[in-house]
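Before any questions on binding or motion, here is one chain by itself as structure tokens, the form predicted on its own.
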């Protein structure tokens, strides 16, 4: 997909300067010199083209009082989709992916307390019948901010 100059500027703005206000798309439109509806249409088109996978805030879960953990589970290959559906049914699951390893499904859990994390894991064990889940609570915070500058200065 070919991105024009406005698409590129819009992508840069939503990554690094998304307005925190009542009408953020109107503000973006003013910065770009286009209508608010055009901003929304362009974002929708970029999402349909898989240029944008997700548009949303990134919060520091620790400051909100949440606890995070990385978990690994041994899932029989023929049960991957079934177990993934159980794991993904919890709102606190932020990532779930497969690895080529004995523990082949890895996921992260964010919850209000360690006890809530344990409750979620117990429920996953009960729902799947799989007892072998490794729980690796986060001890240190590592955050990498990545913005992709997609603006082409030749435009």
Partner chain sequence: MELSDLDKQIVKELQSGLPLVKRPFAVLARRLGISEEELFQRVQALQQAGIMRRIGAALRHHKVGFTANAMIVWQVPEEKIEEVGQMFSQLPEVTHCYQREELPHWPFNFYTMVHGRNRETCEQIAARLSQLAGISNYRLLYSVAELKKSSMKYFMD
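Positions refer to the first chain, counted from 1. Rigid core: the largest C-alpha set superposing within 1.5 Å between the two forms. These numbers were taken from a predicted model, which means no experiment stands behind them.
Beyond what is shown, the protein has a form predicted in complex with its partner chain; the following relates to that form.
Contact between residue 130 and its partner chain in the model of the complex is not found at the 4.5 Å heavy atom cutoff. In the model of the complex, residue 123 stays away from its partner chain, with no heavy atom inside 4.5 Å. Mapping the unseen interface onto this chain, residue 110 counts among the residues with a heavy atom inside 4.5 Å of its partner chain in the model of the complex. Residue contact with its partner chain in the model of the complex: residue 119 places no heavy atom within 4.5 Å of it.
Residues of 7 to 33 lying near its partner chain in the model of the complex, listed in sequence order, are 11, 14, 15, 18, 20, 21, 22, 23, 24, 25, the criterion being any heavy atom within 4.5 Å. Once both forms are overlaid on the rigid core, the distance between the two CA positions of residue 49 between the shown form and the other one is 2 angstroms or more. Once both forms are overlaid on the rigid core, the distance between the two CA positions of residue 115 between the shown form and the other one is under 2 angstroms.
Residue 39 is among the residues whose C-alpha shifts by 2 Å or more between the shown form and the other one once the rigid core is aligned.
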